[in-house]
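Only one chain is given next, in structure tokens, and it is the form predicted on its own.
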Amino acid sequence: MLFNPTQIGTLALPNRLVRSATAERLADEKGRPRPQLKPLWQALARGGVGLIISGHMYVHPSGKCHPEMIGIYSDELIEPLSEMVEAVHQEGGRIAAQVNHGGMQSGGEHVETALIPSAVQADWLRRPVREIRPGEIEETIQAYAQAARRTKLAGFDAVQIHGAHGYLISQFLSPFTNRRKDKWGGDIQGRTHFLRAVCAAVRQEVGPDYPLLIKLGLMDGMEGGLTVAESLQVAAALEGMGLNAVEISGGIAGGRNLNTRPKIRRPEDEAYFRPQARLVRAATNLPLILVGGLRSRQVMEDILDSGDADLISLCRPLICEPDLPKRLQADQKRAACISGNRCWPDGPDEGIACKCRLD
């Protein structure tokens, strides 16, 4: 099934392999993509990836997470992004833009005081935070909507809302970082209010037929944080929010990331979110995208055959081998990636690249 075509909303895909959003670290200080981004995306398209999801793009200057992060907060960014998208389409590829606001993870060198749903104290908070005000919440919702409008104008085939990994939407969902007493907090229904508002505003801007995905963090992995049981209630509501597919993940900031585990050596080490995927599968009819340590075609095919997920999402293996889909189709049995987590650049203008010794 791995190379069978599939559909996400109105978007037809040639196979079930997705490039999970990976910060490319190839933008200038204003968020404009650098020339090196074009060949990176082109290589993924030529390599046979069914759907490329871009690295996260900040929807508002207050939400920039790190240097060299791509921006989508201004109409001035539409044209340079459209050039990158057109290069993907010329290779026969399909690409979605992931839009995001860093919240408490917004970078100190770019954002003096990071925003957070509630001004909690934690030893792992890396910079001063301030509780986001109601007016700023509404402004941020519209920032997501305008970012989605720009992705459509730039020619992206879909947009993915980032709701995982301790960024702003994830923070609103978490009882640890959201202790608000107004309509934006409370029980899981209240803490989902921000996500609902973002989805409604985005759908208003892009229309009923533009494919809308979400990356949803199912658990924080820390005491007092978001649990899978609560996230299943969110998952069950996603279709009603106008979403067309859900990619699942987990983990929050501060060394509690669950989504980049090292030393994936054996098939039994792979697909570490598969047990959660089975639960989400029972909660929603939306196409389900599974990420998390997937390396071997055997495991990928088993996941699809079982119905635990509908698409397979890869991050580090496609940094190592952007043509991995074609290699797997030509009977390569396993990705070369050894999960060494040495993908990030050592300096500016380098971008992501595999630095592990594979021999």
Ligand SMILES: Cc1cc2nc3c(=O)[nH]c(=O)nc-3n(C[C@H](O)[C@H](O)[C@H](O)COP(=O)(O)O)c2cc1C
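For every residue, the number given is its place in the sequence shown, counted from 1. Predicted model only: the values in this text are computed from it and were never measured.
The same protein has a further form, the form predicted in complex with this ligand, not shown here; the description that follows concerns it.
Quiz item: Of 51-59, 32-40, 299-307, 328-336, which is the one stretch near this ligand in the predicted bound form, taking non-hydrogen atoms within 4.5 angstroms as near?
Solution: Of the stretches listed, the one contacting the partner is 51-59.
Quiz item: Just one of 260, 146, 244, 284 has a heavy atom within 4.5 angstroms of this ligand in the predicted bound form, so which one?
Solution: After the contact test, the surviving option is 260.
Quiz item: Taking the shortest heavy atom distance, is residue 150 within 4.5 Å of this ligand in the predicted bound form?
Solution: Residue 150: no contact with this ligand in the predicted bound form.
Quiz item: Given that the partner is absent here, does residue 26 sit within 4.5 Å of this ligand in the predicted bound form, heavy atoms only?
Solution: No, residue 26 stays farther than 4.5 Å from this ligand in the predicted bound form.
Quiz item: Wondering, does residue 354 line up within 4.5 Å of this ligand in the predicted bound form on heavy atoms?
Solution: So residue 354 does not count as contacting this ligand.
Quiz item: Taking heavy atoms and a 4.5 Å cut-off, does residue 162 contact this ligand in the predicted bound form?
Solution: Judged by the heavy-atom cut-off of 4.5 Å, residue 162 is in contact with this ligand in the predicted bound form.
Quiz item: Within 4.5 Å of this ligand in the predicted bound form: all of 64, 73 and 107, by heavy atom?
Solution: Result no, not one residue of the spot touches this ligand.
Self-check item: Residues of stretch 307-328 in contact with this ligand in the predicted bound form (4.5 Å, non-hydrogen atom)
Solution: Heavy-atom contacts to this ligand in the predicted bound form: 313, 314, 315, 316, 317, 319.
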